[in-house]
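One chain follows as structure tokens, the form predicted alone.
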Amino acid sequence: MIPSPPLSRRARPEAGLLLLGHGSTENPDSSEPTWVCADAIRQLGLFAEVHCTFWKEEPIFRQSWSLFDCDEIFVVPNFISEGYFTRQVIPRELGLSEFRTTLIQGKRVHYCDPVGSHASMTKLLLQRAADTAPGIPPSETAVLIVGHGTKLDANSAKAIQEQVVRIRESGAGYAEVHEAYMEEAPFVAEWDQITTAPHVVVVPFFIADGLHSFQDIPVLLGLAEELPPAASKNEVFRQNPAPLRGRSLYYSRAIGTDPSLAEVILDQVDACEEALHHACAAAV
């Protein structure tokens, strides 16, 4: 459960909120963070309706509009970065135009930026790093923010790169802050070459504890040889720190599992509405 929103948080009692997730047919934990955030926001009573749809699970993206009775809907992709899914798959599946607002089946649909691109993610990352390695001096600690990485879309790594810069400039005092990826350089498997500090905190910049954040990455780090398919059956998050390659390695759960992610979703709705107001003012 997320804390009650600040008094400045605007209620939209006649609008709906749609959260979009990737989902998975193989990993039972993939969609959980999206459902949890939807439930938390629903309990705040800020929207007339709150629903979720997914790319790989029911209800699927193309069922989205049949879920709503209201005529105005804010759509927030519960994805980390602006990339293939947010720029191509989602607009295609939902019938969105190139503009921020699209009229679909008599409904005004506002397409927000993905959660991972918002500046307030920095606070979550800093808190997750501190919680993962409690009592460890930041001055002796390297923070490694890990993503998938792909050569198919140059924007895929942008959100991670921006967060790395923000954490470095935050005044948190970490000895080092770096990015790393599964499928492009700098590679997470080379974490001990990327960093030099005696303590290394690895934070997966993923929405869910799915295939990558909790099967693939632990293996690449050297924490395990093979892992089970569900986070609920995995002990890798409960073994911090791991003495490995002459360092103390701390591994956190995916950042998207933080309950405060619901606040970031609301931040993206506010940012979307502000952008709409600016666009209207500029058109006058």
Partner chain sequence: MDTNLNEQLAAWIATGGNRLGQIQIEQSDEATFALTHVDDIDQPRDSLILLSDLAAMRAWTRSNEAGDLRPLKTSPDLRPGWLVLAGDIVALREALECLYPGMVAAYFRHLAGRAAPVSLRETLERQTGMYRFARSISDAGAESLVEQVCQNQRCLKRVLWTLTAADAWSCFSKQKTSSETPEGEMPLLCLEPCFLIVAGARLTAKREHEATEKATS
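Positions refer to the first chain, counted from 1. In this text, all values refer to a predicted model and were calculated from it rather than measured experimentally.
One more form of this protein, predicted in complex with the partner chain, exists but is not displayed; see below.
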task = Name the single residue among 88, 161, 196, 101 that comes within 4.5 Å of the partner chain in the predicted complex, judging by heavy atoms.
result = 88
inquiry  = If the cut-off is 4.5 angstroms on heavy atoms, which of these, 224, 36, 46, 242, is the one near the partner chain in the predicted complex?
reply    = 36
message = At 4.5 Å between heavy atoms, only one of the stretches 118-126, 92-100, 166-174, 200-208 reaches the partner chain in the predicted complex; which one is it?
response = 92-100
inquiry  = Whether residue 187 contacts the partner chain in the predicted complex should be assessed with a 4.5 Å heavy atom distance threshold; does it?
reply    = no
request  = Mark residue 216 yes when one of its heavy atoms lies within 4.5 Å of a heavy atom of the partner chain in the predicted complex, and no otherwise.
outcome  = no
inquiry  = Please determine whether residue 51 contacts the partner chain in the predicted complex, using a 4.5 Å cut-off between heavy atoms.
reply    = yes
key: residue 259, heavy atom within 4.5 angstroms of the partner chain in the predicted complex   = no
task = Between 62-91 and the partner chain in the predicted complex, list the residues on our side with a heavy atom within 4.5 Å.
result = 62, 63, 65, 66, 67, 68, 69, 84, 88
